[in-house]
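Take a look at this one chain, the form predicted on its own, written out in structure tokens.
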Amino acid sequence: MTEFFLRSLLFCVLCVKLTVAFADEGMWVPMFLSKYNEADMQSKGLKLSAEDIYSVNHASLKDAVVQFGGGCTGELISAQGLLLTNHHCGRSRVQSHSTLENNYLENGYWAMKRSEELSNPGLTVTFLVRMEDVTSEVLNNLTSEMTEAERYLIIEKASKALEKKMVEGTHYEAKVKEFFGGNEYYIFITETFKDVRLVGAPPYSIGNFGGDTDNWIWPRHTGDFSLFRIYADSLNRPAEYSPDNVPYKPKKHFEISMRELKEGDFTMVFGFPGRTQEYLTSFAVKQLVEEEDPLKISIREKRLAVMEKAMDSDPQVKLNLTSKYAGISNYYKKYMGESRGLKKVNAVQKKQELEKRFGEWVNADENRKVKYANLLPELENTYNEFAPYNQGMVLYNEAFTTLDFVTYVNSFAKLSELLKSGVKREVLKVEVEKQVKYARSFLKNYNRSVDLESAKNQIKDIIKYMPEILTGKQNKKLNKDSNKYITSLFSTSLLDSLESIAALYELIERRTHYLYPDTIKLENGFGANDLAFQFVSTVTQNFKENIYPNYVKLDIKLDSLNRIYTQALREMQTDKLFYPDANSTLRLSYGKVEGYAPNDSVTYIPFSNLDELIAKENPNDKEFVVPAKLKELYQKKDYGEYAVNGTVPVCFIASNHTTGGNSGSPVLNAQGQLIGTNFDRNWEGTAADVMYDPTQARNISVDIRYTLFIIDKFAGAKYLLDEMKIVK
């Protein structure tokens, strides 16, 4: 073996070790950065202190981050309340303002002055004011003899009392959240703003370039961003929409870096990740990979095919269904990647190896034997018992309640119950008005043919996998001629029109007027002769009586066992720094700009650019259409100050640990300056919700220079850049 070969081998081994050490797993609680992460982050390039990132005493980076709309993240980028998030996070709002004549979703929207910014009723953004450890207060009155139900009630009571106490006399809100499966509790004090206006969004062909084909895939060339502005009252406090409101003045907004981005640069992501399950047992992971994910994939695949066919044939249908389609497709592909990724990293086997070490650790000590000897066997037995009810829950949520007609028909349930018990006429009138308002909104975009075809597929899935959800009478009709029976469900007055609904209630009132002068009462409630109402009501009731109670009972037991297992793992692995699973609270993850190799024959660099985007163009494929203006800028090489090596950077990847909810999160450099907006993960990295693989897990972000390029050169909205503090 030559000296050169030995040196090369040593260099390769060192590179691998450095990569594994630098690619950091974890979604860290910002309150504890100084205790657990500051030194490590600074050793890897961070130029800030933990206090600069999270502080309750002065403005810090956390004050520039918001939870956007309850499910995404956004960041403040100007002193005038200008907010940046993902295009897919703002997509439904853009769609709500769109018509075929003014299709902002398709063509983009840019407010060229404040008066053109569009209000969005119901849209909120929430800031974290501070968080506190309240574990001792929440768990203070618990005893080891308590049942899980008793434990839950005491925790709930203590949490509600703390929430009320912490914000009394203020406009703030408070929420206690559990961590480490319920071993620790923290309270979050928040401030929510309700006047959030659309400022700008690129056309769909930029904001969703690559569509489903590129979703979860690297390299990406997607300008997945949109701009909003937060408005407040004259005292800079939250207020409902009013033309008198003024742009919010944040405590902190991010500087924006135009500096060169290089492989190996330190990065961090601040945001509100939704849910991870890092401490599951092998039994749970096996159930996820072999049963749960495949079932979800199968149901969604057929639903997407129905929607895509309809969208391709009608522009109005496409406009109405685009946002819904994208949401279904997003997790369809995520489940595929997750299942594939967990198999690739041998997740079940690795969990089993950990459980073997856990068993050895337990058996090495008599006290541990008493506490934990039966823990893993009990977990395995409970997961086996849980499996059919979990499948029932998946089918109910994925195949039944996702049908539009089911959601809609179920909305009449309250009125039906009121009529059974007897309701005063004036009360009924108010409820009917609410129902008609909801119906108007629903029927505006309802596509009966798409819903019918989806129902044929999805109800058949219920018959195939879990007919117990259906009653014997329904099964008999469905087995005889399922398509005919399902079609008959749609021949219902409830789905006809607002006039039909109003007429039904008028008929009810006339029929009961002489029997009940002051009240209206129907023995069978509402919808006794409506097939869809009866079908939905019966299935819902059957699920609630036969599936859901067993699911909840076993789920509570699993929560208890998993809480004990998580705590036991922390006792066993004293040299490991544990982080709590994501639960939609503010977290920070950190890593570096870094490529990866999905297999032995392919290695990806961490950057994409405009040249590559143009090379992907296909005018005949809706997912790869390039807008004429963008093509013109490319052909003229009119890149302005955004050019890097003769092109424009578009996206980049890094080794930050992210998940759903991190969409729209700011990606920051070592100085805490904004360098990108997180919008996706690579397909190989979706398994990181359950098991993080440092060699594969990568988050995907829009390069901030591409965002600025689109705003400035493409949209001609340079005035927005004048609000920002841009570091060159």
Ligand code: ASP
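Numbering starts at 1 and runs along the sequence shown. Since the structure is predicted, the reported quantities are computational estimates derived from the model, not experimental observations.
Below, we turn to the form predicted in complex with the named molecule, even though it does not appear here.
Quick check on this chain: which one of 216, 110, 358, 335 has a heavy atom within 4.5 Å of the named molecule in the predicted bound form?
Here the answer is residue option 216.
Just one of 26, 694, 45, 660 has a heavy atom within 4.5 angstroms of the named molecule in the predicted bound form, so which one?
Result of the distance check: 660.
One stretch from 59-67, 30-38, 673-681, 45-53 that, in the predicted bound form, holds residues within 4.5 Å of the named molecule by heavy atom:
Result for this chain: 673-681.
Please tell me whether any heavy atom belonging to residue 587 falls inside 4.5 Å of a heavy atom of the named molecule, as the geometry stands in the predicted bound form.
Residue 587: no contact with the named molecule in the predicted bound form.
Report yes if any heavy atom of residue 351 sits within 4.5 Å of a heavy atom of the named molecule in the predicted bound form; otherwise report no.
Answer no; every heavy atom of residue 351 is more than 4.5 Å from the named molecule in the predicted bound form.
At the 4.5 Å heavy atom threshold, is residue 88 in contact with the named molecule in the predicted bound form?
Yes.
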